[in-house]
Ligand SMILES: Cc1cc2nc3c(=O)[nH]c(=O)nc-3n(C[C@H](O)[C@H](O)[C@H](O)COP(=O)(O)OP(=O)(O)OC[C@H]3O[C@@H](n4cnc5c(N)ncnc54)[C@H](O)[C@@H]3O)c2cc1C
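As a starting point, one isolated chain is supplied in structure tokens, in the form predicted on its own.
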Amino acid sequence: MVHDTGPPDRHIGGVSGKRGGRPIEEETPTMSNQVLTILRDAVDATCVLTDPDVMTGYVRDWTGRFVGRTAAVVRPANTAQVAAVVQACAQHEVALVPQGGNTGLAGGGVPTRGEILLSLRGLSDILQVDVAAGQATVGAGVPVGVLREAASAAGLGYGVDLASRDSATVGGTVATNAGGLRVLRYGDTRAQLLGVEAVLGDGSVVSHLAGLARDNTGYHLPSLLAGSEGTLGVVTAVRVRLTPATRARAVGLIGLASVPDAVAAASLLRNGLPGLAAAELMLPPGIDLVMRACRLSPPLRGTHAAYLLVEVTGDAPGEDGAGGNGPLDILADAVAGLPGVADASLADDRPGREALWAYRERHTESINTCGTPVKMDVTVTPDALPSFVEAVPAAVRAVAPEASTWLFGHVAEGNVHVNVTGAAGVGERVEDTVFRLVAERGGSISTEHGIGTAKRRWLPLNRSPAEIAAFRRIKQALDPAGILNPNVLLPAL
């Protein structure tokens, strides 16, 4: 249901109310010096950065679209130091922004209003794999790729995977409830969480990391904090479920006659292949761009209206007593039965799989060669996806005639990454246009990267006034001083 409150509020407001969490630059010089001294005492002076040149990489997101400012970057090394920092900021009503790997695309980890920047990359010394339980306890600053490697070394896997796996931190994926490339099979980050340790807005610590498979003793805080974008608490460690190791996998890149054919094919594969782990939609402009930017050869013969990249996992035939067909044979049989297939390339060896995945995973870096993009990750229902994909480029050109639109995404979930380049000066109009197309189709304006600062004014398109009021009451309860990432997610009052 669309809840439209009229034209979007063009003011990305500061913190509203009497106890709003003021950015430190709005404090008096005496208060600023006092707070900085307290912060240095809390974490060690060397962990508080104030040199503007050193802080540059923290106040700019990796796309270059969101650039903020801060009086200090604080880099705690453990939960106790995080708690001391949050408590000090709460006492002095100084706003702070938690940041993980700074790979988000909605500005949620950038101090856009001069907030203190709380970098959690230092919380990376906890990584314990419990093979018997099939779980791991992980510090918030551990990169997703490092967790995946540790799980693999123990003969297990981790369900969340992203192209930014080497930079994105576990804590950051919790904050945005990231799904990643294999959400189709394993679910999003929230589905992996069994326990959480976090610092609430008053500096108190909640910790529940036992990882019990069944534990119905009250509210499930991991689910509440997942996707909260650091507005309710600063996640410092989590307990996650691990998955059985994948013995074999096959990847196929399929050329189809139309986007509706690709959507139908993804649906057939999802319903017919228990081992389907990923289904990714790509279009000719994106494939051509990746080939030019990355100097790759055409993946298939000719050009096709839609491309579907799929991955199937399972046992290799004859391995450890397994018989029958392996993933490659299963995938080949499934592709042969799909309507609209014009060509396909399949691989089950690692180099072959990685070569096919490159056409999807290198979309982002290729798009960045065209300039700073306006990036939107949205979801529509599968039946609405073809019309949405068709409508977006024309709608964008209506407000930005010189812009280029790049579309790709997790087709089985209806998730589309909408990237627009060449829209300098009209980015907000482009976003408004796309988000309203999404809302008209009953979709969500955010799938992977949260609301952040970029989308907060459009939250009423997806959430009713009663829901937003409930969000505010929850935040008030867990962050009474209003200091935790106060300028993201909730619309300005």
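Just so we're clear, the structure is a prediction, and the values are computed from it rather than from any experiment. Note that residue numbering begins at 1 and tracks the sequence as displayed.
Absent from the display: the form predicted in complex with this ligand. The rest refers to it.
- Here is the short version: of 304, 239, 410, 75, the single residue with a heavy atom within 4.5 Å of this ligand in the predicted complex is 410.
- Among 201, 252, 101, 414, the residue placing a heavy atom within 4.5 Å of this ligand in the predicted complex is 101.
- Looking at residue 111, you'd find every heavy atom of it more than 4.5 angstroms from this ligand in the predicted complex.
- Contact check for residue 395: every heavy atom lies farther than 4.5 Å from this ligand in the predicted complex.
- This ligand is not drawn, but in the predicted complex it has a heavy atom within 4.5 Å of residue 179.
- Among residues of the shown chain, residue 233 is one whose heavy atoms approach this ligand to within 4.5 Å in the predicted complex.
- Listed stretches are 125 to 133, 157 to 165, 240 to 248, 384 to 392; the contact stretch with this ligand in the predicted complex is 157 to 165, by a heavy atom cutoff of 4.5 Å.
- Here the marked residues 282, 379 and 441 all miss this ligand in the predicted complex; none has a heavy atom within 4.5 angstroms.
- Contacts of stretch 47 to 71 with this ligand in the predicted complex, defined by any heavy atom lying within 4.5 Å, are made by 62 alone.
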